[in-house]
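First, one chain by itself in structure tokens, the form predicted on its own.
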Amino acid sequence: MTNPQWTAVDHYFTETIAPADEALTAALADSTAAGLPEIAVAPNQGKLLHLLASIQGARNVLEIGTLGGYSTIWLARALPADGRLITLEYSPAHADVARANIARAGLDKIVEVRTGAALDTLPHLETEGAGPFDLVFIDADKVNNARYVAWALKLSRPGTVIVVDNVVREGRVATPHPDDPAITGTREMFDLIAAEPRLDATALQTVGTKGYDGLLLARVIG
């Protein structure tokens, strides 16, 4: 579901207050050339992630779902020189593209790309004491959204911000869709958050170059 006016407005926003630079443009181009799906966040959404990390004063960030590293670059640029971002990517091929994009952006000293199923990798982060993370961005397979939020909570502290992308599913999240695991998983996530007293959250619908979708924003309060 797309609309030419939505795209025009997104382009206007991007050109005026969130312009691309060489590293970001190249990250998208190389991801496309490598055959990665064109599902990275829009530029103005990337800038939103950057601003959220900056406002949060984040020093330690976790990203679940790297793809080609486009959102990773936006987030990592908000961190101080001694900050750290760990990003988890299921596909080794996608991870290789992301590592190259991140290195070209000059961020490989503070970004670590870990490969493998996130639900296998997350327990290792807990064992290592990698948290608590100041901000967690979740943009991976939607089937496991509830599990990813549960892990984000385990690896958090009071005040941690959790952002989950693609939660509207073109409006279909409002009704059960047993034949669509992505919607079922997203609704399970909303149920978990609604029942979790340690999370204060809201969700927003968005339109733009990525069509009709939205994001969830939560803060750990206890």
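Start at 1 and count along the sequence shown; that's the residue number. Here the structure is a predicted model, which is why all the values come from computation and not from measurement.
We do not show the form predicted in complex with a small molecule, though everything after this point is about it.
**Q** Going by heavy atoms within 4.5 Å, which of 189-197, 52-60, 166-174, 153-161 lines up against the small molecule in the predicted bound form?
**A** Looking at the other structure, the answer is 166-174.
**Q** Classify D134 as contacting or not contacting the small molecule in the predicted bound form by the rule of any non-hydrogen atom within 4.5 angstroms, answering yes or no.
**A** Flag for D134 set to no.
**Q** Give a yes or no for I39: in the predicted bound form, does one of its heavy atoms lie within 4.5 Å of a heavy atom belonging to the small molecule?
**A** Residue-level check for I39: yes, a contact with the small molecule.
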